[in-house]
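First comes one chain, alone, set out as C-alpha coordinates in the form predicted on its own.
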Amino acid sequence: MTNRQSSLSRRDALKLAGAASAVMAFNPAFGALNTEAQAAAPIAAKGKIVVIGAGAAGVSTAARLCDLLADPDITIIDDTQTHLYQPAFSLIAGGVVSAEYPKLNNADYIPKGAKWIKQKAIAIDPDAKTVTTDQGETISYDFLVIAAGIDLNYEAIEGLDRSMLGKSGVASIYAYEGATRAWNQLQELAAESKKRKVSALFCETTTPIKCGGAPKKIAFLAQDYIRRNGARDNAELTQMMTGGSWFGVQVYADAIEKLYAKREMSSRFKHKLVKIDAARREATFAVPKLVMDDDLGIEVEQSEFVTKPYDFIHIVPNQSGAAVVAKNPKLANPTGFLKVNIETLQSETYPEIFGAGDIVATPFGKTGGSAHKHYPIVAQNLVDTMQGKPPSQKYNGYTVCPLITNYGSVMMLEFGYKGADGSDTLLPSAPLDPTQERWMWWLLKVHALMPIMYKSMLRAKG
(Lines give C-alpha, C1' and ligand atoms only; values in the text may rest on other atoms or scores of the structure.)
Protein backbone atom coordinates (compact mmCIF):
# COMPACT_ATOMS: atom_id res chain seq x y z
CA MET A 1 0.00 0.00 0.00
CA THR A 2 1.29 3.46 -0.88
CA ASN A 3 0.09 5.97 1.67
CA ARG A 4 1.92 9.12 0.68
CA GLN A 5 -0.18 11.43 -1.47
CA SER A 6 1.22 14.50 -3.20
CA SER A 7 -2.03 15.66 -4.77
CA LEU A 8 -5.80 15.27 -4.66
CA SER A 9 -8.13 14.23 -7.43
CA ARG A 10 -10.64 16.87 -8.57
CA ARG A 11 -13.41 14.99 -6.77
CA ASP A 12 -11.43 14.82 -3.53
CA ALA A 13 -10.46 18.47 -3.79
CA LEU A 14 -14.10 19.50 -4.10
CA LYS A 15 -15.02 17.41 -1.06
CA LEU A 16 -12.12 18.88 0.87
CA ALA A 17 -13.24 22.40 0.03
CA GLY A 18 -16.68 21.57 1.32
CA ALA A 19 -15.32 20.10 4.53
CA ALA A 20 -13.06 23.07 5.19
CA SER A 21 -15.86 25.51 4.45
CA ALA A 22 -18.14 23.72 6.90
CA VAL A 23 -15.55 23.95 9.64
CA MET A 24 -14.90 27.64 9.08
CA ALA A 25 -18.61 28.39 8.93
CA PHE A 26 -19.58 26.67 12.16
CA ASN A 27 -16.68 27.26 14.54
CA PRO A 28 -14.65 30.46 14.98
CA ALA A 29 -11.71 28.34 16.10
CA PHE A 30 -11.06 27.69 12.41
CA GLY A 31 -12.65 30.80 10.96
CA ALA A 32 -11.55 34.38 10.53
CA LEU A 33 -11.01 36.73 13.43
CA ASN A 34 -13.79 39.07 14.41
CA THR A 35 -14.15 41.46 11.49
CA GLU A 36 -14.83 44.47 13.72
CA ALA A 37 -11.59 43.81 15.61
CA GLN A 38 -9.69 43.48 12.32
CA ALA A 39 -11.12 46.75 11.03
CA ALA A 40 -10.54 48.75 14.22
CA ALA A 41 -8.04 51.58 14.15
CA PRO A 42 -4.60 50.72 15.57
CA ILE A 43 -4.22 51.42 19.29
CA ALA A 44 -1.69 54.00 20.46
CA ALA A 45 -0.76 52.18 23.69
CA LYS A 46 2.97 52.03 24.40
CA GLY A 47 5.18 49.41 26.01
CA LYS A 48 8.03 47.02 25.24
CA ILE A 49 6.64 43.55 24.61
CA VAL A 50 8.82 40.44 24.67
CA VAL A 51 7.55 37.12 23.33
CA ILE A 52 9.41 33.97 24.38
CA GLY A 53 8.91 31.31 21.73
CA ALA A 54 8.67 31.40 17.93
CA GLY A 55 6.30 28.48 17.61
CA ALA A 56 2.71 28.69 16.44
CA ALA A 57 1.40 30.42 19.59
CA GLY A 58 4.26 32.91 19.90
CA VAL A 59 4.43 33.96 16.26
CA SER A 60 0.63 34.29 15.95
CA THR A 61 0.39 36.38 19.11
CA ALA A 62 3.21 38.65 17.95
CA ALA A 63 1.57 39.06 14.55
CA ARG A 64 -1.76 39.95 16.14
CA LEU A 65 -0.10 42.50 18.43
CA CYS A 66 1.58 44.08 15.40
CA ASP A 67 -1.88 44.48 13.87
CA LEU A 68 -3.48 45.89 17.03
CA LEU A 69 -0.83 48.43 17.97
CA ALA A 70 -0.09 51.63 16.06
CA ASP A 71 3.61 51.60 16.97
CA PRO A 72 4.47 48.09 18.20
CA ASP A 73 7.69 47.42 20.10
CA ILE A 74 7.85 43.63 19.99
CA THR A 75 10.83 41.32 20.42
CA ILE A 76 10.65 37.55 19.86
CA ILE A 77 13.28 35.40 21.58
CA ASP A 78 13.88 31.91 20.15
CA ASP A 79 16.87 30.18 18.58
CA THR A 80 14.73 27.82 16.49
CA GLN A 81 15.42 28.27 12.78
CA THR A 82 13.04 25.60 11.48
CA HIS A 83 9.33 25.68 12.24
CA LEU A 84 7.89 22.17 12.62
CA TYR A 85 4.18 21.57 12.13
CA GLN A 86 3.83 19.07 14.98
CA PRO A 87 0.29 17.80 14.17
CA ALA A 88 1.84 16.12 11.13
CA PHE A 89 4.06 13.85 13.24
CA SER A 90 1.41 11.11 13.39
CA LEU A 91 0.98 11.36 9.61
CA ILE A 92 4.74 10.98 9.12
CA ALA A 93 4.77 7.90 11.35
CA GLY A 94 1.92 6.42 9.31
CA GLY A 95 3.61 7.06 5.99
CA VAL A 96 0.92 9.50 4.88
CA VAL A 97 3.27 12.46 4.36
CA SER A 98 7.01 12.74 3.96
CA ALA A 99 9.46 13.66 6.70
CA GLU A 100 10.01 17.01 4.97
CA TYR A 101 6.32 17.93 4.93
CA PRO A 102 6.14 19.77 8.30
CA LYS A 103 9.39 21.74 7.98
CA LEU A 104 9.30 25.44 7.17
CA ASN A 105 11.72 28.34 7.52
CA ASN A 106 10.88 30.30 10.67
CA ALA A 107 12.18 33.52 9.17
CA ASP A 108 9.33 33.47 6.66
CA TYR A 109 6.74 33.78 9.43
CA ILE A 110 8.24 36.26 11.89
CA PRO A 111 5.99 39.34 11.58
CA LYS A 112 7.64 42.31 9.89
CA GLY A 113 6.89 44.58 12.82
CA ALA A 114 8.80 42.40 15.30
CA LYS A 115 12.48 42.05 16.15
CA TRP A 116 13.81 38.46 16.35
CA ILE A 117 16.62 37.59 18.74
CA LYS A 118 17.89 34.17 17.64
CA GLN A 119 18.90 33.02 21.11
CA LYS A 120 17.36 30.70 23.67
CA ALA A 121 15.66 32.21 26.72
CA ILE A 122 17.03 30.46 29.82
CA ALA A 123 15.82 32.60 32.71
CA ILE A 124 13.02 35.02 33.56
CA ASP A 125 13.14 37.47 36.47
CA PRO A 126 9.51 38.55 36.79
CA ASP A 127 10.32 41.07 39.52
CA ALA A 128 13.06 42.81 37.56
CA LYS A 129 11.10 42.27 34.30
CA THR A 130 14.03 40.76 32.43
CA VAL A 131 14.75 37.72 30.27
CA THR A 132 18.24 36.22 30.06
CA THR A 133 19.43 34.25 27.04
CA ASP A 134 21.92 31.43 26.60
CA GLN A 135 24.37 33.93 25.13
CA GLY A 136 24.35 36.06 28.26
CA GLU A 137 22.13 38.83 26.93
CA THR A 138 19.58 40.40 29.28
CA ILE A 139 16.45 41.83 27.69
CA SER A 140 14.05 44.00 29.66
CA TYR A 141 10.32 44.14 29.05
CA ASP A 142 7.19 45.97 30.10
CA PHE A 143 4.96 43.09 29.04
CA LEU A 144 5.83 39.45 28.47
CA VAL A 145 4.16 36.68 26.48
CA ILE A 146 5.46 33.22 27.32
CA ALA A 147 4.87 30.74 24.52
CA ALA A 148 7.89 28.53 25.12
CA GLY A 149 6.16 25.17 24.64
CA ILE A 150 6.83 21.80 26.22
CA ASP A 151 9.98 19.87 27.17
CA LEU A 152 10.08 16.11 26.56
CA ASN A 153 11.77 14.01 29.25
CA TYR A 154 12.35 10.50 27.90
CA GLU A 155 15.04 9.92 30.52
CA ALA A 156 12.38 9.83 33.26
CA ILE A 157 11.79 6.22 32.18
CA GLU A 158 14.54 3.95 33.50
CA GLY A 159 16.70 2.51 30.74
CA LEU A 160 15.51 5.00 28.11
CA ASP A 161 16.95 8.08 26.47
CA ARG A 162 15.93 10.01 23.39
CA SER A 163 18.73 8.56 21.24
CA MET A 164 17.03 5.16 21.43
CA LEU A 165 14.00 6.25 19.40
CA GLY A 166 13.76 4.12 16.28
CA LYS A 167 15.89 1.33 17.78
CA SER A 168 15.04 -1.95 19.50
CA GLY A 169 11.36 -1.49 18.78
CA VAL A 170 11.16 1.82 20.70
CA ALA A 171 9.05 4.45 18.93
CA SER A 172 7.63 7.86 19.79
CA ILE A 173 5.80 10.37 17.62
CA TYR A 174 6.28 13.16 20.15
CA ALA A 175 9.80 13.87 18.87
CA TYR A 176 10.38 14.69 15.21
CA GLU A 177 13.11 12.11 14.82
CA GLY A 178 10.91 9.53 16.52
CA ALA A 179 8.07 10.21 14.09
CA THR A 180 10.32 9.88 11.04
CA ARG A 181 11.76 6.56 12.25
CA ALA A 182 8.40 5.14 13.32
CA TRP A 183 7.29 4.73 9.69
CA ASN A 184 10.04 2.17 9.04
CA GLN A 185 9.30 0.50 12.37
CA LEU A 186 5.64 0.16 11.46
CA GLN A 187 6.51 -1.45 8.12
CA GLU A 188 8.89 -3.84 9.84
CA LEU A 189 6.23 -4.80 12.38
CA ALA A 190 3.72 -5.58 9.64
CA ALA A 191 6.27 -7.66 7.73
CA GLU A 192 7.19 -9.57 10.88
CA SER A 193 3.53 -10.32 11.60
CA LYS A 194 3.45 -12.45 8.44
CA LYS A 195 6.02 -14.75 10.03
CA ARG A 196 5.02 -14.96 13.69
CA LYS A 197 2.98 -13.52 16.53
CA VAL A 198 3.98 -9.94 17.38
CA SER A 199 3.12 -7.64 20.26
CA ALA A 200 2.78 -3.84 20.12
CA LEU A 201 2.32 -1.70 23.23
CA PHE A 202 1.05 1.89 23.11
CA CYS A 203 1.87 3.68 26.35
CA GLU A 204 0.79 6.88 28.07
CA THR A 205 2.16 8.92 30.96
CA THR A 206 0.88 10.62 34.10
CA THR A 207 2.02 14.18 33.32
CA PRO A 208 0.02 16.65 31.22
CA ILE A 209 0.85 16.00 27.57
CA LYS A 210 0.60 17.65 24.20
CA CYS A 211 -2.36 16.18 22.27
CA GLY A 212 -3.83 13.56 24.55
CA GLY A 213 -5.13 11.62 21.57
CA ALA A 214 -1.73 11.05 19.96
CA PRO A 215 -1.03 7.68 21.70
CA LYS A 216 -4.28 6.37 20.23
CA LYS A 217 -3.69 7.84 16.76
CA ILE A 218 -0.52 5.80 16.29
CA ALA A 219 -2.25 2.69 17.67
CA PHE A 220 -5.11 3.02 15.19
CA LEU A 221 -2.70 3.63 12.30
CA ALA A 222 -0.64 0.58 13.30
CA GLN A 223 -3.75 -1.58 13.46
CA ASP A 224 -4.97 -0.51 10.04
CA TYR A 225 -1.53 -0.74 8.43
CA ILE A 226 -0.99 -4.28 9.70
CA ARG A 227 -4.52 -5.23 8.62
CA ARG A 228 -3.74 -4.06 5.09
CA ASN A 229 -0.11 -5.13 4.81
CA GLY A 230 0.59 -7.83 7.38
CA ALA A 231 -1.20 -10.62 9.23
CA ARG A 232 -3.62 -8.88 11.61
CA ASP A 233 -4.49 -12.12 13.42
CA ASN A 234 -0.82 -12.42 14.41
CA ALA A 235 -0.63 -8.94 15.96
CA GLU A 236 -1.64 -8.17 19.54
CA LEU A 237 -2.04 -4.40 19.98
CA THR A 238 -2.53 -3.14 23.53
CA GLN A 239 -3.20 0.38 24.80
CA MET A 240 -1.42 0.79 28.15
CA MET A 241 -3.20 3.68 29.89
CA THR A 242 -2.08 5.30 33.11
CA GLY A 243 -5.58 6.40 34.16
CA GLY A 244 -8.88 4.65 34.56
CA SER A 245 -10.68 6.01 31.50
CA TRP A 246 -10.29 6.06 27.74
CA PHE A 247 -10.60 9.85 27.53
CA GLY A 248 -11.37 12.84 29.75
CA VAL A 249 -14.71 13.53 28.07
CA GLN A 250 -17.14 10.67 28.71
CA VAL A 251 -19.01 10.69 25.40
CA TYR A 252 -15.70 10.47 23.54
CA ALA A 253 -14.39 7.85 25.97
CA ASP A 254 -17.41 5.66 25.21
CA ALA A 255 -16.95 6.07 21.45
CA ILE A 256 -13.23 5.26 21.62
CA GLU A 257 -13.87 2.16 23.72
CA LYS A 258 -16.26 0.87 21.05
CA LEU A 259 -13.69 1.48 18.32
CA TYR A 260 -11.05 -0.54 20.19
CA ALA A 261 -13.50 -3.40 20.66
CA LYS A 262 -14.51 -3.28 16.99
CA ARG A 263 -10.86 -3.42 15.88
CA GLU A 264 -10.04 -6.16 18.41
CA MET A 265 -7.42 -4.08 20.18
CA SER A 266 -6.89 -4.72 23.88
CA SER A 267 -6.29 -2.33 26.77
CA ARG A 268 -4.90 -2.07 30.27
CA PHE A 269 -5.77 0.72 32.70
CA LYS A 270 -3.57 2.18 35.45
CA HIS A 271 -0.35 0.87 33.91
CA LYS A 272 2.48 3.41 34.14
CA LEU A 273 5.64 2.64 32.14
CA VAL A 274 8.64 2.90 34.48
CA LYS A 275 11.41 0.89 32.81
CA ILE A 276 12.61 -0.29 29.42
CA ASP A 277 15.02 -3.19 28.83
CA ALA A 278 15.78 -2.56 25.17
CA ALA A 279 18.14 -5.51 24.80
CA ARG A 280 15.42 -7.95 25.93
CA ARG A 281 12.57 -5.89 24.48
CA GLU A 282 10.73 -5.84 27.77
CA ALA A 283 8.74 -3.05 29.40
CA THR A 284 7.97 -2.78 33.10
CA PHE A 285 4.83 -1.07 34.37
CA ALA A 286 3.84 0.11 37.83
CA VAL A 287 0.29 -0.97 38.66
CA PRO A 288 -1.50 0.27 41.80
CA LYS A 289 -2.69 -2.38 44.21
CA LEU A 290 -4.52 -2.15 47.54
CA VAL A 291 -2.82 -4.02 50.39
CA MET A 292 -3.64 -4.20 54.07
CA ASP A 293 -1.41 -2.18 56.36
CA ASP A 294 -1.41 -4.18 59.60
CA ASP A 295 -0.17 -1.25 61.66
CA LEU A 296 -2.83 1.17 60.41
CA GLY A 297 -5.52 -1.45 60.04
CA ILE A 298 -6.56 -0.07 56.65
CA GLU A 299 -5.89 -0.78 53.01
CA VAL A 300 -3.24 1.41 51.38
CA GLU A 301 -2.19 1.71 47.77
CA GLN A 302 1.15 0.30 46.72
CA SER A 303 2.66 -0.42 43.33
CA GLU A 304 3.32 -3.85 41.97
CA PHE A 305 5.45 -4.23 38.86
CA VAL A 306 4.40 -6.06 35.72
CA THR A 307 6.83 -6.81 32.89
CA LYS A 308 5.59 -7.34 29.34
CA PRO A 309 7.54 -8.33 26.21
CA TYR A 310 7.11 -6.27 23.07
CA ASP A 311 8.17 -6.11 19.45
CA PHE A 312 7.07 -2.49 19.12
CA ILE A 313 6.46 0.00 21.93
CA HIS A 314 5.24 3.57 21.52
CA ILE A 315 6.48 5.88 24.26
CA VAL A 316 4.80 9.01 25.55
CA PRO A 317 7.54 10.84 27.47
CA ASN A 318 6.96 12.73 30.69
CA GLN A 319 6.29 16.34 29.74
CA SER A 320 6.62 19.67 31.50
CA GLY A 321 6.63 23.30 30.56
CA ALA A 322 9.85 24.54 28.97
CA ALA A 323 12.74 24.77 31.44
CA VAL A 324 12.75 28.58 31.38
CA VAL A 325 9.39 28.37 33.19
CA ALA A 326 9.56 24.96 34.89
CA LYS A 327 12.59 25.88 37.01
CA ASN A 328 11.06 29.16 38.17
CA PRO A 329 8.75 28.61 41.18
CA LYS A 330 7.37 32.14 40.85
CA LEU A 331 5.92 31.21 37.47
CA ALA A 332 5.46 27.43 37.36
CA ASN A 333 2.94 25.08 38.91
CA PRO A 334 4.17 21.74 40.36
CA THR A 335 4.24 20.10 36.91
CA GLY A 336 6.31 22.89 35.40
CA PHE A 337 3.62 24.73 33.44
CA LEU A 338 2.92 28.46 33.55
CA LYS A 339 0.38 29.47 36.19
CA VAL A 340 -2.31 31.66 34.59
CA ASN A 341 -5.94 32.57 34.99
CA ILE A 342 -7.48 29.82 32.88
CA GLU A 343 -9.88 32.22 31.15
CA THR A 344 -7.80 35.35 30.54
CA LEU A 345 -4.45 33.49 30.23
CA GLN A 346 -2.90 36.25 32.35
CA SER A 347 -0.61 35.57 35.29
CA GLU A 348 -2.45 36.17 38.52
CA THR A 349 0.78 37.21 40.25
CA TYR A 350 2.36 39.28 37.49
CA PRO A 351 -0.38 41.00 35.46
CA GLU A 352 2.08 42.07 32.76
CA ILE A 353 2.75 38.39 31.92
CA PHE A 354 0.55 36.25 29.68
CA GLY A 355 0.88 32.70 28.40
CA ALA A 356 -0.11 31.04 25.12
CA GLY A 357 0.16 27.58 23.65
CA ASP A 358 1.29 24.37 25.31
CA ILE A 359 3.11 26.11 28.17
CA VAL A 360 -0.03 27.30 29.98
CA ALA A 361 -1.36 25.38 32.98
CA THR A 362 -4.98 25.00 31.91
CA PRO A 363 -7.15 21.89 32.41
CA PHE A 364 -7.33 21.43 28.63
CA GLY A 365 -5.64 23.14 25.75
CA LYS A 366 -2.37 21.59 24.59
CA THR A 367 -3.12 21.33 20.88
CA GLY A 368 -2.60 23.47 17.80
CA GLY A 369 -6.31 24.17 17.76
CA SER A 370 -6.09 25.49 21.31
CA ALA A 371 -3.20 27.79 20.38
CA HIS A 372 -5.40 29.02 17.52
CA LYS A 373 -7.88 30.18 20.15
CA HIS A 374 -5.24 31.45 22.58
CA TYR A 375 -3.44 33.99 20.46
CA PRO A 376 -6.23 36.54 19.72
CA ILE A 377 -7.37 36.35 23.34
CA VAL A 378 -3.86 36.91 24.72
CA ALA A 379 -3.14 39.73 22.28
CA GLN A 380 -6.33 41.61 23.08
CA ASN A 381 -6.04 41.09 26.84
CA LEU A 382 -2.43 42.29 26.78
CA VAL A 383 -3.44 45.43 24.88
CA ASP A 384 -6.28 45.95 27.37
CA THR A 385 -3.73 45.74 30.19
CA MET A 386 -1.44 48.21 28.41
CA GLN A 387 -4.34 50.67 28.44
CA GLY A 388 -5.08 50.13 32.14
CA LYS A 389 -8.23 48.15 31.41
CA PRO A 390 -9.22 44.70 32.71
CA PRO A 391 -8.86 41.84 30.21
CA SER A 392 -11.92 41.73 27.97
CA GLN A 393 -11.54 38.28 26.37
CA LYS A 394 -12.05 34.82 27.86
CA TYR A 395 -10.78 31.41 26.75
CA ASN A 396 -13.41 28.67 27.07
CA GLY A 397 -10.92 25.81 27.09
CA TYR A 398 -11.47 24.92 23.44
CA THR A 399 -9.39 21.89 22.55
CA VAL A 400 -9.50 19.82 19.40
CA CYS A 401 -8.06 16.40 18.69
CA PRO A 402 -8.55 15.07 15.16
CA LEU A 403 -8.35 11.43 16.29
CA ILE A 404 -7.15 9.29 13.38
CA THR A 405 -9.03 5.98 13.57
CA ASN A 406 -8.00 4.45 10.23
CA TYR A 407 -6.29 5.50 7.04
CA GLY A 408 -9.08 7.66 5.63
CA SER A 409 -11.13 8.33 8.76
CA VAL A 410 -10.96 10.73 11.69
CA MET A 411 -13.16 11.37 14.71
CA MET A 412 -13.08 15.10 15.50
CA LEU A 413 -12.93 15.43 19.29
CA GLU A 414 -13.73 19.03 20.26
CA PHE A 415 -14.47 20.15 23.79
CA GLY A 416 -13.87 22.86 26.37
CA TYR A 417 -13.77 23.46 30.09
CA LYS A 418 -16.26 21.50 32.14
CA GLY A 419 -19.41 23.23 33.31
CA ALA A 420 -19.91 24.52 36.85
CA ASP A 421 -21.68 21.25 37.68
CA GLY A 422 -18.76 19.19 36.35
CA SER A 423 -20.51 18.28 33.12
CA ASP A 424 -18.58 17.91 29.88
CA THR A 425 -18.73 20.68 27.27
CA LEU A 426 -18.72 19.63 23.62
CA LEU A 427 -17.77 22.28 21.04
CA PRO A 428 -18.29 20.61 17.65
CA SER A 429 -17.30 22.55 14.54
CA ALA A 430 -20.20 21.29 12.47
CA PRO A 431 -23.77 20.11 13.21
CA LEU A 432 -22.74 16.46 12.97
CA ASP A 433 -22.42 13.67 15.52
CA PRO A 434 -18.87 14.25 16.84
CA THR A 435 -18.49 10.62 17.92
CA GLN A 436 -18.59 9.34 14.33
CA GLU A 437 -15.53 8.64 12.18
CA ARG A 438 -15.66 10.67 8.98
CA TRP A 439 -13.66 10.86 5.78
CA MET A 440 -14.21 14.62 5.54
CA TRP A 441 -12.26 15.07 8.79
CA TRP A 442 -9.45 12.94 7.35
CA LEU A 443 -9.26 15.28 4.37
CA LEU A 444 -9.23 18.24 6.72
CA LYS A 445 -6.51 16.71 8.91
CA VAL A 446 -4.25 15.66 6.05
CA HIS A 447 -4.73 18.46 3.55
CA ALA A 448 -6.29 21.58 5.09
CA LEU A 449 -5.17 22.18 8.66
CA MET A 450 -1.53 22.90 7.88
CA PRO A 451 -2.36 25.50 5.19
CA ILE A 452 -4.90 27.07 7.57
CA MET A 453 -2.16 27.44 10.19
CA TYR A 454 0.60 28.78 7.94
CA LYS A 455 -1.43 30.93 5.58
CA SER A 456 -3.89 32.23 8.15
CA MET A 457 -3.02 31.69 11.81
CA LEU A 458 0.66 32.61 11.71
CA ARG A 459 -0.29 35.78 9.85
CA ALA A 460 -2.94 36.52 12.53
CA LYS A 461 -5.58 36.55 9.82
CA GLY A 462 -7.73 33.72 11.17
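Residue indices: 1-based, along the sequence shown. Keep in mind it's a predicted model, so treat the numbers as computed, not measured.
Here the subject shifts to the form predicted in complex with a small molecule, a form of this protein not shown in this document.
Within 4.5 Å of any heavy atom of the small molecule in the predicted complex lies no heavy atom of residue 65. In the predicted complex, the small molecule stays beyond 4.5 Å of every heavy atom belonging to residue 271. Put simply, residue 373 is far from the small molecule in the predicted complex: not one heavy atom of it is within 4.5 Å.
Contact check for residue 225: every heavy atom lies farther than 4.5 Å from the small molecule in the predicted complex. Residue-level contacts in the predicted complex: of 234, 242, 119, 180, one residue has a heavy atom within 4.5 Å of the small molecule, and it is 119. Between the options 281, 327, 210, 129, the residue in contact with the small molecule in the predicted complex by a heavy atom within 4.5 angstroms is 210. Partner proximity in the predicted complex, defined as non-hydrogen atoms within 4.5 angstroms of the small molecule, places exactly one of 386 to 394, 357 to 365, 335 to 343, 136 to 144 at the interface: 357 to 365.
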